Every structure is written in structure tokens, then in C-alpha cells.
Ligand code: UD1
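Coming up is one lone chain in C-alpha cells, specifically the form predicted alone.
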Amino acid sequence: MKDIVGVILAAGEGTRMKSAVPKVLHNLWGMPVLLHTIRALKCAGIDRIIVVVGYKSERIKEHLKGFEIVTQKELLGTADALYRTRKALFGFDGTVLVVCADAPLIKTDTILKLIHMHRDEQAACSLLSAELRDPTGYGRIIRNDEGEVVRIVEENDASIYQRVVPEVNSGAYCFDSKKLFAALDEIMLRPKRGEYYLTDTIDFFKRHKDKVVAHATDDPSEIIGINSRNDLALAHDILRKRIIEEIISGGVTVIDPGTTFISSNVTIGQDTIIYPFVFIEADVNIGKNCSVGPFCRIRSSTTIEDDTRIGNFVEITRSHIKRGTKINHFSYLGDAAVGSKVNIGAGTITANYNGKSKNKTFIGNDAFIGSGTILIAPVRIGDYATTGAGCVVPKGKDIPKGSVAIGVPARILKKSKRSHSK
């Protein structure tokens, strides 16, 4: 979208996190909180994104390569943070979408609905709201008898009657760029907090008879902010359930969603079964008709092709497992390229780290790796080759195609009968 700019407010300190790490950099399901918010905007088709940073800005900037960055040197509130984008937005004529970096559960569909409503209504300001059973901690949206939004009252300033209002402000807005900075210019400092509130723009628009509308999300979990470790734990659980529901709807069986952990940016093919106590990290691709688990961990940068079996207490990282392979018990494969229809015996380990660097292991098609085999990388096992139980293959001592290797260290015993039958 060319006529819209996304602004992400990421300047806050997050004192309730009780951490030396900025709250927007805390890990949420495989990546920093901030990157979840950026991802939602990107998926909504917003190409230009400005991130306002403040507290420990240098650490945050490390995660923002390729993005426009504006610094709020003094933490003077959300209105001041947005005001700092004035120079970057000079001459821009369109919609300014503002979201909080610490509210990473907002959905792409919700962002699009907010934008469309803003344009359809030709509003000066459109905001995202939600109705909560317990609105404690949120600014309340106050409407008049006609149902129009007239102001937002922060909880500290709310009367006892306003505090029971269930509709709350999410902190996500669409503004008409022509009217936004006129409103920001007139906002007064709140002396109690020493901050400028972005919610005070609503008062400005209403005084000038500009239109303000609200879109209520039907999923209140979208507006949860990450302000404490408890909030972070809750967000983890919500995101986990969302991801698993999406995967199940795509034709995957998840035996026990409550004990299954699947990160974002994971693809799993139809008719694959995920057993309990499985942990799948980001950037993993699993094919169709596979079986994974129970009690296993698939780490990032791993591809598992169709018809593969990954069993209990198996860990795989940065590896490519081809079609029809079986890794059923108690094995570790790191930095491995495994061919099709390979059998990996229980207790197999690819020793990929030599203390200085990671090294690759290559296992050919139809190989049979005996129980307890240790493959010290870099090493290559040929097609149809066999290693005996407890075999240790030193680095660089490749096992040729169709050979049988046994012992410690491995020695070639003979050609495998399996290679001649193929």
C-alpha cells in the first residue's frame, strides 16, 4: 500500500519486566516481541514502516536493518513519540497506522479491517477497541448517547462510573496524516505522569468536529500488551494455541495440543501426525504423511520430507532429511544431509562440533546406520552403506557406497549385500 505508513512505538522502558533487556526484545515464540508486530504490518501489505525507539535504542536497532528509525531521546509519552516522526513524514499525504510494539498479538486481518473502516468512514481517527470482562489497566472508550466516540479516559483519570465501561482502547490507530500533527501540536503535558498522551488527540478531533470511529475486535486477546513476565507467558500461550489451530485446520493431526509447541514460520504437510511433547522451532519444514514424536525437538533450519518417521527423544537441527527415512529412537542429528529411505538406529549421533566450527555429515540413500553409531563430521556415508552397532566413524574417513563398517574406529568389513540387490 503506497498511501499508508506504519508507525511502531517501541521506545518504552518496560520497568515491570524487571529486566536489562528492552521489553520489545524479549523472546516470544521464537523471535523478539517487536518482530511479531512488524510481521503483522508486513503481512497487511504495509511497505513503509517507521519504528520509534528510545530506551536502549542501540540494542533495538540491531534488529531493524532496512527499517526507518526515529529516536525519542526523552521518554515523554506516546504522543511525543509519534510527534518525533514529523520530519520523516513531511510531505506524506495518506493514512498513518500507529501500533504499539509491545502488543504483538494483533492480527493482520484486524489491521486490514481497521484500515478499510478508516477509509470508508473518511475519519480523522479510527481506533481499535475491545470489550473486556475486566478492563483494569486499559483506557476506557467513552461514547455519547448516539454511540459516537467522544474521548478516551486513562484508568488513572477515570471516574468510578467510567471504570466500569467494558470497551477499552488497544493503542492501535489510523490517522489522517493532514490532521494528525495539528492535533499533536495542541496536546498538553500531563503533569502527574510527565507525559503527552496520544489519546488526547481524540479531544482535539471532537472539538474540531472531525470524525472519530472505533472498530471493536471480536478477539480481545489481540490487544494484550507485554508489560510483565506474566503478560509474556500469557502471550506465549495464546500464540501457541493460534499456531496449532492453524496447523490443524491445514490437515495435520496434533494428538495433544496442550503439550505441543510449534513456532511461527513452520510448515507441516497434510496427514502428518504430531505426537505429545514435541517442540518445533521456527524455520522448519515438515512434509506430508510424516510422524513426529513423542518427546522430540526439531530445531531451526531443518527440512523433513514426506513419509518420514521421527520418533521419541530425537533432536534434529540444521539438517535435511529426505523422503521415507526413519529416525525412531534416542538420536541427535546436527548439520546433517540424510538421503531417502535411510534407517537411523537408536542412539546415533552426528558429532558436528569440534570446539571451533560446525561440520556437515552426509548420509546416502538407503544407508543403514546401526544403533549407537557416532559419525564425527565432516564425514560421508555412501548409498546403501551400513555401520555396525557402536561404530565410530572418524572425521574424513568416508564409508564408500555399499560398504559395511564396524568397530572403533570404523573399518571396512565388506560390501553390503543390499547394494547388489538394488
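Residue numbers run from 1 along the displayed sequence. In this text the structure is predicted, and so the values were computed from the model without any measurement. Heads up, when I say rigid core I mean the largest set of C-alphas that superpose within 1.5 Å between the two forms.
Keep in mind that the form predicted together with the named molecule is not shown, yet the notes after this line are about it.
Original post:
If contact means any heavy atom within 4.5 Å, which of 263 to 271, 150 to 158, 336 to 344, 284 to 292 contacts the named molecule in the predicted complex?
Top reply: One stretch meets the cut-off, namely 150 to 158.
Subject >> Contact label in the predicted complex: Gly12 to the named molecule, heavy atom within 4.5 Å >> reply: Judged by the heavy-atom cut-off of 4.5 Å, Gly12 is in contact with the named molecule in the predicted complex.
Original post:
Would Ser170 sit within 4.5 Å of the named molecule in the predicted complex, counting heavy atoms only?
Top reply: Flag for Ser170 set to yes.
Original post:
Just to confirm, Asp176 within 4.5 Å of the named molecule in the predicted complex by heavy atoms?
Top reply: So Asp176 does not count as contacting the named molecule.
Original post:
Is Leu76 close enough to the named molecule in the predicted complex to count, meaning some heavy atom within 4.5 Å?
Top reply: Result yes; Leu76 sits at the interface with the named molecule in the predicted complex.
Original post:
Among the candidate residues Asn227, Thr317, Thr259, Asn312, which is the single one with a non-hydrogen atom no more than 4.5 Å from the named molecule in the predicted complex?
Top reply: Result of the distance check: Asn227.
Subject >> Residue among Ala101, Leu127, Ile321, Leu180 with a heavy atom within 4.5 Å of the named molecule in the predicted complex >> reply: Partner contact (heavy atom, 4.5 Å) among the options: Ala101.
Original post:
Judged by heavy atom distances of 4.5 Å or less, which residues of 116 to 145 approach the named molecule in the predicted complex?
Top reply: Those in contact are Tyr138, Gly139.
Original post:
Rigid core fitted, then: does Gly269 show a CA shift of 2 angstroms or greater between the shown form and the other one?
Top reply: Where the cores coincide, Gly269 shows only a C-alpha shift between the shown form and the other one that is less than 2 Å.
Original post:
If we fit on the core, is the Cα of Pro294 displaced 2 Å or more between the shown form and the other one?
Top reply: Superposed on the core, Pro294 moves its C-alpha less than 2 Å between the shown form and the other one.
Original post:
C-alpha of Pro257: shift of 2 angstroms or more between the shown form and the other one, rigid core aligned?
Top reply: Comparing the forms between the shown form and the other one, which are aligned on their rigid core, Pro257 does not shift its C-alpha by 2 Å or more.
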